[in-house]
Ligand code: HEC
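In the form predicted on its own, a lone chain appears below as structure tokens.
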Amino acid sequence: MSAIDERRSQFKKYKEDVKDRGKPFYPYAMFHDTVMSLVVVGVIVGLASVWFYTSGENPDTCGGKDSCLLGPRYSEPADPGTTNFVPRPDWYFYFLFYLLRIFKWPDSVILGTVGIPTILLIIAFALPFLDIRSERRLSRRPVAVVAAILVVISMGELTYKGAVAKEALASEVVAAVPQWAQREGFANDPKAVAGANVFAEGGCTSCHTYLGTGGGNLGAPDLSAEGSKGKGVQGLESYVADPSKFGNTVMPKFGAFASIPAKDAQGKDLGISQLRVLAIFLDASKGPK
């Protein structure tokens, strides 16, 4: 008997069983599932509404002006200037998160972000149409069992590695600045040191590397010897302010640094902007001495 004939036979038996003993999946079970889904969504919307309308933007008003039945709207105001927060996905995306550490930009990152997840989704959608056998005993389905075990082990391993993966905090990068200054030879230049701190605190090492520190992501170059390329302070300042003018559409614009005053290690205002001291730092970076 061919697979199609077997499937027709099973469907005919299913219809006979439904007629004799029960109700068909459609429309009865689908209707029940739809109603239950609407109930769940309704409960979520209701709870969200109660939370929103009983709380205010200031957590200190809870218990007074606001009842905060389901908790405050915000535990503390967001700080857009923080440099110590490391964004991470929810735990069930850790396996995808770790794939980005395996497949590096720019040559293979498309495999980790699009290729592998898409292939796995296509396989998952196609399986019910490809495997139409009625056999359910695990002992007679070695390929399916082995494949399932390998998938579970792989996702478990990637999830674990994603959970324990560490990113360098800005504070840890800032701690390396004195060493940079000594190795590069600008330790006696307060403006260059201030620029190194801006570089460290601004998250530049998320993409760039400097004397072995950093991620090297998105194809960003090592800047340890950027000053040896002869761009000059003015050229570097213009480039960092708006890299798109120079054909770099990947790097963000940092022109906002031009409106922020730079300070030295003692907190003294240097009289120039962070963008300027950042350019001075890069120009002073001519490679380790």
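The numbering used is simple: start at 1 and walk along the sequence shown. The structure displayed is predicted, hence computed values, not measured ones.
The following text describes the form predicted in complex with ligand HEC, which does not appear among the structures shown.
*Report the residue, out of K245, K229, H32, K65, that has at least one non-hydrogen atom within 4.5 angstroms of ligand HEC in the model of the complex.*
Of the candidates K245, K229, H32, K65, K229 is the one lying within 4.5 Å of ligand HEC in the model of the complex.
*Which one, V50, V43, V250, A258, lies within 4.5 Å of ligand HEC in the model of the complex by heavy atoms?*
By the 4.5 Å criterion, the partner-contacting residue is V250.
*asked:* in the model of the complex, does every one of F199, C207 and L278 come within 4.5 Å of ligand HEC, counting any heavy atom?
replied: Yes, the whole candidate spot contacts ligand HEC.
*Would you mind picking out the stretch of 54 to 62, 258 to 266, 33 to 41, 236 to 244 that comes within 4.5 angstroms of ligand HEC in the model of the complex, counting non-hydrogen atoms?*
Result for this chain: 236 to 244.
*ligand HEC contact at G185 in the model of the complex, heavy atom, 4.5 Å*: Judged by the heavy-atom cut-off of 4.5 Å, G185 is well away from ligand HEC in the model of the complex.
*Is the gap between G71 and ligand HEC in the model of the complex 4.5 Å or less for some heavy atom pair?*
Outside the cut-off, so no.
_I'd like to know if G156 sits close to ligand HEC in the model of the complex, meaning any non-hydrogen atom pair within 4.5 angstroms._
So G156 does not count as contacting ligand HEC.
*Does P27 make contact with ligand HEC in the model of the complex, using a 4.5 Å heavy atom cut-off?*
Close contact is absent here: in the model of the complex, P27 is far from ligand HEC, nothing within 4.5 Å, heavy atoms only.
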